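Okay, so we've got the same protein chain twice, two forms, each given alone as structure tokens, structure 1 and structure 2.
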Structure 1
Amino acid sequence: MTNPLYLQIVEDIKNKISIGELKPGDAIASESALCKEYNTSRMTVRKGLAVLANEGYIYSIPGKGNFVAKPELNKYTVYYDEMHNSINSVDKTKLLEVNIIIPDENLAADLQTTRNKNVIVIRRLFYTEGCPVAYDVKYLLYQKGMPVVEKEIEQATFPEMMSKSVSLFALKKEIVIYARQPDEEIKRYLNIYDELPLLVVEQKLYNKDNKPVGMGITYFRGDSIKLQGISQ
């Protein structure tokens, strides 16, 4: 089970970077030099370099050469799903409201729409083992094929709600995460009697033209959620 040649090139160069023989900004041996070094064709060398570029180890400047990149020290991948996180999983939801409304000025501005377009509001409570763990509000720009049947809404995550009207491949998403003290209404919803903070996650969804198609806020009891991220 010997590695293909292009992966040996990848490992060799990764190793040179790891031990510091190649440092960020340094030029890598040219493609023709690597062809000679590994006694192989240029396409094989380039396949290896493509892997390194995809993994963020190198970048190329046409006419100049390939160079070692600076590692992205601050980049993390987070999997966020309002129903599931590393310490908790929602097993029941309660639909508080489904309505079609005329957006107020702030909402219309956030959704980059006008006040004569309809917006669907969905408010839900999430439960784990009978206890409320999160309060969830979503606003969807009304489009044909939107879910209006309660059964479809109750268990759906935000992207799933959009699946009838927007291709999920084209969907762009943003989240904002912060901590906040609950107001009285949310304290009632989440059975908070003492001072328990909320973890708040705002979500915004955009179609492939970068037009907003929905936004949502989920207020988690602080003791019911931990978000995890990993590098690379």
Structure 2
Amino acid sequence: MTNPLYLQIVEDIKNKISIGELKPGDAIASESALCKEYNTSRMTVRKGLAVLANEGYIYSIPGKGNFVAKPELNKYTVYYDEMHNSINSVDKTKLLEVNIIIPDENLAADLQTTRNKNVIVIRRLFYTEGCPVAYDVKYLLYQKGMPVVEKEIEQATFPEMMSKSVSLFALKKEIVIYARQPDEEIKRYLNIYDELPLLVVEQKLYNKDNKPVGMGITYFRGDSIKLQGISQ
């Protein structure tokens, strides 16, 4: 099946950029020239240029035209699934706690809420082949009448926990990744008896209004997780 014409324009310009025919800072042919080259309407050309701009290939200067953007070589897309990574998969979870708490000052600030608002806390252990590999804590903003079904929570990923109150398509996700040494409580949970470090992944979920709806912290044994990313 032939691609729509605007996508052909997109692919042609991408190819010229990839092979170096067009370099960062170079001007893209004018809309009029592209209309003539592809024998199409200005609307079709603009649709293709909008795709290229959204994907970061070009940028526009009002009154001057479109130009090839400089690639962001330090930006990567990291693929993260708390239940699966490139060296390990969780095959069992254990629910330790589901409770409603009053947040402390730090948690209230992270969730952009007040200290008199209830928060659901969920604590779990993740296992692979019978061995604990991660200690997981989630904080969800409590809504009146919000169901807390333990069987659903036990196996769910963080976005799935929010799916009944927020559309998954409307969720914005943010992660922070860092290493740290485990405290005594986490050592007991994860059967750590030496100086094995943790890889900690903090997640925040935001609704369509960019307001936090939940926060999660997963503490992985350093020998049980490997994250990968690719440049755009």
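This is a predicted model, so every value here is computed, not measured. All residue numbers here follow the sequence of structure 1, with the first residue given the number 1. Under this definition, the rigid core comprises the largest set of C-alpha atoms superposing within 1.5 Å between the forms.
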note = Output row: form predicted on its own located in structure 2
key: Check: L111, C131 assigned to the same rigid part between the two structures   = yes
request  = Name the rotation angle of the smaller rigid part against the larger part between the two structures, given in degrees.
outcome  = 17
remark   = Shift of the Cα of V10 between the two structures with the rigid core overlaid, in Å, rounds to 5.8
